[in-house]
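For reference, the chain that follows is the form predicted alone, supplied as C-alpha cells.
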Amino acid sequence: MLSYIIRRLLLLPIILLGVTFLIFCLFSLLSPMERLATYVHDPATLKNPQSVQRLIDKYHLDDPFPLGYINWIKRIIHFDLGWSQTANQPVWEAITQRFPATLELVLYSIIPVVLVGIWLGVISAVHHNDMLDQTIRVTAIVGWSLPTFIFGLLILFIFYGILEWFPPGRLSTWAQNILYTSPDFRSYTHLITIDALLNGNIPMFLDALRHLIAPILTLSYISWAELLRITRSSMLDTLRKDYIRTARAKGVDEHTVIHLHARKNALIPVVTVAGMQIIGMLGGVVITETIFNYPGLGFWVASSAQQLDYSSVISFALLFATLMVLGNLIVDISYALIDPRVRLE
C-alpha cells in the first residue's frame, strides 16, 4: 500500500497540471483585452491604448499558447490569480477571506449527510419492502429529484418567510458588530461558531447556528438522499452474502449480524461516494449561498459570474478542481484502510 500512495503522490502534480491545462484552454478563448481585465485594478486603464499594450506585454497575454501557459502557471504558483472586480481586491485574498464561511457550512452539512444518510440506508435495507422502507425510499427519491434551488427557496419561504425562524445571512447585525468592531473578540479559526465558543460568547454561537440551519438543510438533503440509496443497495447486497447466512445459522443475534458483520462491509462502496460528495459540496454552495445570502465562496462566485469577473470564476474552478483531485486521492487511500482485503499494490 505504501508504494501505491507514493505512486499516487508522484502522479498528483501531473494530474494537477492536466487540470490547469484544461482551465487555461478555456481562459485562452478570451481575447487579450478580456484576459487583461482580470489583472487590472482600475477599468479606466483599459481606455488608454498605450497602457493596454504595456500591460498585455507585462502579463504575456500575446505570447504563443505554450509560453502563455508557462507564465500563467508561474503566477499561480506565486498565488497571483488576478484582481477580482467583484470583491475589489486580489482574488487570492478574496478566496482566503470567504473560504472559512464556506468551510463552516460544509463541515456542518457533513454531519447529517453521513449520519442520517447511512443510518436511514441501513434501516431501509433491514426493513426491506416494509412500509418504513417505502417511506424512506420515497423521501430519498424526492430529495434526489428536487433541484437545489427549488428546495432552498421552499426552506427560505417556510422557515423564514412564514415562521421567521432561520434568517438568511451569516450573523445578525448585533453579532456582526461584535465580530468586526469589538476589540475583545478574537478570531482564532474564522469559523464563527467555533470562535464564539472559544471567546465564551454563547449568544453569538446560537445566532450563528441559527443562520446556518437553513443552508445546511438545503445543502445536505440532496446529498444524503443519494447516500441513502447507495447505502440501502449495498446493504441489501451484503445481507444476501453467504457469511451473513452462516452467522444467522450459528445463532448470532440479529443486532450483531446487522451492525457488526453486514454494515461494516456494506460501507466500503459508500465511503467512495461519501468522500466525493463532501468535496462536491463546495460546488453546491454556489446555489445554496446565493439563496440564503450567505457570504462565502459560492455567493462571491455567483456575483462574479453575473458581472463577468473572469478571474474570480476561473480561480474558483481551479480551486474546486484541485480539491476534487486531492479528495479522490484521500478516498482511494481510505478505501484500502477500511477493507484490508483491498490491495492497492
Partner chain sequence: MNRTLKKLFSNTASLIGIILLFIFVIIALFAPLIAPPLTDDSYQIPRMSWEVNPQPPGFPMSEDIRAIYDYMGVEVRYDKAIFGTAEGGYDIFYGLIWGTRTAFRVGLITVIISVLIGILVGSFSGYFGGWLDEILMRITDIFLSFPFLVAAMVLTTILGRGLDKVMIALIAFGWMGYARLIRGSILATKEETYVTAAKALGVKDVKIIGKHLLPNTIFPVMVQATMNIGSMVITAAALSFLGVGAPVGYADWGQMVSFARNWIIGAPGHAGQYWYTVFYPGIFIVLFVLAWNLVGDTLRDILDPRLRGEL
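Numbering follows the first chain given and starts at 1. Owing to the predicted nature of the structure, the values given are computational and were not obtained by experimental measurement.
Same protein, other form: the form predicted together with the partner chain, not shown, and the subject of what follows.
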Given a 4.5 Å cut-off on heavy atoms, tell me which of 193-201, 107-115, 75-83, 123-131 is the interface stretch with the partner chain in the predicted complex. 123-131
Non-hydrogen atom within 4.5 angstroms of the partner chain in the predicted complex for each of T189, I278 and P295: no
Heavy atom within 4.5 Å of the partner chain in the predicted complex: which of L146, I268, V273, A247 fits that? Just give me the one. L146
Is there a heavy atom of L10 lying 4.5 Å or less from a heavy atom of the partner chain in the predicted complex? no
Decide whether Q306 counts as a contact residue for the partner chain in the predicted complex under a heavy atom distance cut-off of 4.5 Å. yes
With the cut-off set at 4.5 Å between non-hydrogen atoms, does L61 touch the partner chain in the predicted complex? no
Close approach of R210 to the partner chain in the predicted complex, 4.5 Å, heavy atom: no
Residues within 4.5 Å of the partner chain in the predicted complex, restricted to 239-268 and counted by heavy atom: R240
